[in-house]
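Single chain ahead, written as structure tokens, the form predicted alone.
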Amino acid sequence: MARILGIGTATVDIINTVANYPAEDTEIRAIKQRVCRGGNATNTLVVLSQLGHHCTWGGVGVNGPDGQLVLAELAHYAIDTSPCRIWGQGKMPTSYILLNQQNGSRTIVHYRDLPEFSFNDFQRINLSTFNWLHFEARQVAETAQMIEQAKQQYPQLPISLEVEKARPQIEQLFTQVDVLLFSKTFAQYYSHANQAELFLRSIHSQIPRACLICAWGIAGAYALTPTGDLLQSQAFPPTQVVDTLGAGDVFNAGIIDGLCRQQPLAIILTQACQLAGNQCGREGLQLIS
């Protein structure tokens, strides 16, 4: 199996399940509450670990109960956290989540006061031990330096980049990576259109050598190969939607897993959609299969 380094966030998620989404300026009672680790990069690594890969996380934490909760859960999934920067004070990035029992939708209010994982932190990591490098597209300038250094030192090391949100100058991260994993939200913002193919082809015209992938919710997912071939997979929704939290991170893990196994991209796309669909029918990220 592959040795995978993921650079990005871990959060503390405080999840309140409610019967339905509340109107503004009202008071409702939560049906249940759970507190767990979240964050895009670590969610993806947790799934990849369960799929048999050896995973390492580079990110930031804090020395306190919330930070210990995050590190303990990652240790449970055998994820190496030795490259992390642990701060002596501050608060773990925290997501306050309303999970609508009626349809499985989630609404998130996010708070953070810790610095991001920096280029200086990244330079301390020995990249020679890894087979795959995965980034969240967050702080653009620092992430660009990380990607550039990785490509200079190890040009054959595959790099994937998750692009979830629009950020200033985020496009400068696209040119040196091998796999771009776009969200539907970013695609609609970037191209001002509701068509995945138009979005992917607009990116392909600028970056023809990369593999481009975009999850499209209930419509499944699309991929564009470096040769310009468009692939599509249907979605695989569960009988009952329980929890959509982290479904995109699970999809990304499915893509990376399949690429590491050198499977055909059409098969990878379908398997990733199946994995994400299964996730939506259960609570949490445990026992992904």
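What you see is a predicted model, and the numbers here were worked out from it, not measured in a lab. Residue numbers here begin at 1 and follow the sequence given.
In what follows, reference is made to the form predicted in complex with a small molecule, a form of this protein that is not presented.
Q: Quick check on this chain: which one of 165, 76, 124, 192 has a heavy atom within 4.5 Å of the small molecule in the model of the complex?
A: Spelling it out, the residue with a heavy atom inside the cut-off is 165.
Q: Which one, 246, 58, 67, 258, lies within 4.5 Å of the small molecule in the model of the complex by heavy atoms?
A: Spelling it out, the residue with a heavy atom inside the cut-off is 246.
Q: Is the gap between residue 38 and the small molecule in the model of the complex 4.5 Å or less for some heavy atom pair?
A: Close contact exists here: in the model of the complex, residue 38 approaches the small molecule to within 4.5 Å, heavy atoms only.
Q: Though only this chain appears here, would residue 95 touch the small molecule in the model of the complex if you measure heavy atom gaps against 4.5 Å?
A: Contact check for residue 95: yes, within 4.5 Å of the small molecule in the model of the complex.
Q: Look up in the model of the complex whether residue 108 has a non-hydrogen atom within 4.5 angstroms of the small molecule, and give yes or no.
A: Residue 108: contacts the small molecule in the model of the complex.
Q: I need the one stretch from 38 to 46, 260 to 268, 224 to 232, 23 to 31 whose residues put non-hydrogen atoms within 4.5 angstroms of the small molecule in the model of the complex.
A: Contact-bearing stretch, as computed: 38 to 46.
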